[in-house]
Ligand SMILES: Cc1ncc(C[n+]2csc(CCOP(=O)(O)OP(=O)(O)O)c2C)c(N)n1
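Here we start with a single chain on its own, the form predicted on its own, put down as structure tokens.
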């Protein structure tokens, strides 16, 4: 090629102009600032078009498919609350019998994963089906009235764990679902947050490459259930990671192989005070103070156990891996 006709092309500009696949389109009926809607969009963008989805009953299923409309642009099936893992296993077996390589994804909220659907999920993983299971974790049964689930954090207010004279909200700890899933000896399990799109997309692409059952838990704030403004969803999600209450990690065959370091850990109270579900913990009462200390201790335990403390500036820590532009280019 003649050097005089050579034109320098900006990779960033090229990425901005190239089309982006969207597995879920706009026009759905999610609440303003819904973390689950954004998470589902990011997952399907990273997974690409050659997928099919089994979606458990829940917010995501309800707001994307009000009859006769649908926001999905890939093959999609509504499963029951309790059997998304079993439906996905059947879909995967059908694809395998036909000699097709289409990847099967299973979507469910924390209620359909931690609680009602766990038996089907466990069976799917134990049998080794080539399915990527994604849990959109908004920490309660939001679609049916904000009832507590086993994913609801300790001391949080829900309609079935109201604070009062006897206790300060939910008295049980949030279930460690990713460790339970990893105990099935599956190839890959990870946690991520809607606040970190680069990390989320990378983990989806990693899971898509693996033959066998994989699992990703995505922390997805619910403005309605958590009691914060919809415009603050990403900030709230980021604070959950930065305080240590929600560790972002990767496990392969049960072994810790990756983590998102926290550059500047923040007090747990910074995260709690912006949500109405924890408002009762800031009253002048000895029980409230005890629960705040308990939650801080839980966060400190996570930071120590998973060695989440960063060591200086790093473009792959909670501050460096902060935002993403179209095409996956990180912005400062």
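What you are looking at is a predicted structure, and each value in this text was computed from that prediction instead of being measured. Numbering follows the first chain given and starts at 1.
The following text describes the form predicted in complex with this ligand, which does not appear among the structures shown.
J.: Of 47, 281, 295, 59, which one comes within 4.5 Å of this ligand in the model of the complex, counting heavy atoms only?
T.: Going through each option in turn, the one that passes is 59.
J.: Counting non-hydrogen atoms within 4.5 angstroms of this ligand in the model of the complex, say which of 119, 93, 179, 144 makes the cut.
T.: Checked against the cut-off, the match is 144.
J.: Looking at the partner-bound form in the model of the complex, is residue 72 within 4.5 Å of this ligand by any heavy atom?
T.: Taking the distances in the model of the complex, the answer for residue 72 is no, it never comes within 4.5 Å of this ligand.
J.: Can you work out whether residue 189 and this ligand are in contact in the model of the complex, taking contact to mean some heavy atom pair no more than 4.5 Å apart?
T.: Taking the distances in the model of the complex, the answer for residue 189 is no, it never comes within 4.5 Å of this ligand.
J.: Look up in the model of the complex whether residue 195 has a non-hydrogen atom within 4.5 angstroms of this ligand, and give yes or no.
T.: Answer no; every heavy atom of residue 195 is more than 4.5 Å from this ligand in the model of the complex.
J.: Is residue 36 close enough to this ligand in the model of the complex to count, meaning some heavy atom within 4.5 Å?
T.: So residue 36 counts as contacting this ligand.
J.: Look at the candidate spot formed by 244, 300 and 318 and say whether this ligand comes within 4.5 Å of a heavy atom in all three of them in the model of the complex.
T.: Not a single listed residue reaches this ligand in the model of the complex, so no.
J.: Just one stretch in 84-92, 135-143, 162-170, 253-261 has heavy atoms within 4.5 Å of this ligand in the model of the complex, so which one is it?
T.: Heavy atoms within 4.5 Å of this ligand in the model of the complex occur in 135-143.
J.: Heavy atom within 4.5 Å of this ligand in the model of the complex: which residues of 103-133 qualify?
T.: Result: 109, 110, 111, 112, 116.
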